[in-house]
Ligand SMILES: Cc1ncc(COP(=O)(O)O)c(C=O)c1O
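What follows is one chain in structure tokens, specifically the form predicted on its own.
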């Protein structure tokens, strides 16, 4: 990436940490054994895998034996819905597509829980759904498009009062490394995480499975991961994940993320004060420190993204997994039920290396881009019921 590039798409993927790269190169250059083999090179590879498993487990306060390595968050989510195939699943309406679509493909019935204008599920919806015979609830810890943090521990306590077994899964892919995660305090039975959101490599993730809860492998035909996920172990990627997890453990700091949140709030304030007909989709409170989702009336999101890219400012229109999809964001539609707002949204997502200069850089180009696009639009802003923010 060019030094001049302002990268504000960390929610899509974060740059590889040097420690993760080093760990991967050590495996690629010197550890050639298959981690499932009984010979000494195999044992060496297996030791690397188990060290990484311990580092990942420590980061979320789990036991190492409760961690299953997968190819990423989508596989982890699919593994959970496969476990509950043919049963009733309740999901929030703003879940990642890998939860929504896999639930629709596998469940006997899917109950989609609505959210309020801030993207939060109401406790009453949880209580109502639990009375309908739901077997699994899947509610993400923090949303990937708007950053809303759900009160998952409160949901867990409510479900524990049920007179029949009800299980809780949470996709914590975006939350990992941004807020402290303790699976014991959350009370979840399953938790999805991914390496590339915390400076690890793309293509490796993990699923936390609480001991004693139901489990059905998604990929079968091998004894790897204690018969829970077949396939030759990706030792190098796992080593990178373990190194990134250890780095997060050693360097996690509320103060650092508070500073990131301050930059996020500064950008939000400057946009609202400077750019007419702009609005914020991320909540003011209970939001990840690094995500800001903004809408710009009469300016199409993909056009904004492309113009910013031409000026070396990298952002997203929402979930990277949905790029190329012409449908409006299902997350913003669930919040506002307004396709125009959804189509005009941009997600800025920050990292620990984001600086005030990056915010200045955005504001040096964004107002002109929005003015240009609004000037080309057929929407008559002066006749709109909306007023400049």
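Positions refer to the first chain, counted from 1. Worth saying up front: this structure is predicted, and the values here are computed from it rather than measured.
If you look for the form predicted in complex with the ligand, you will not find it shown, but the lines that follow are about it.
- The ligand in the predicted complex is approached by residue 72, whose closest heavy atom lies within 4.5 angstroms of it.
- For the chain shown alone, residue 282 is not a contact residue for the ligand in the predicted complex, no non-hydrogen atom being within 4.5 angstroms.
- Shown alone here, residue 98 lies within 4.5 Å of the ligand in the predicted complex, counting heavy atoms only.
- The ligand is not drawn, but in the predicted complex it has no heavy atom within 4.5 Å of residue 229.
- Only one segment in the set 189-197, 125-133, 255-263, 297-305 has any non-hydrogen atom within 4.5 angstroms of the ligand in the predicted complex, and it is 189-197.
- Between the options 148, 92, 77, 293, the residue in contact with the ligand in the predicted complex by a heavy atom within 4.5 angstroms is 77.
- This chain lacks the partner; the member of 245, 176, 288, 140 within 4.5 angstroms of the ligand in the predicted complex by a non-hydrogen atom is 140.
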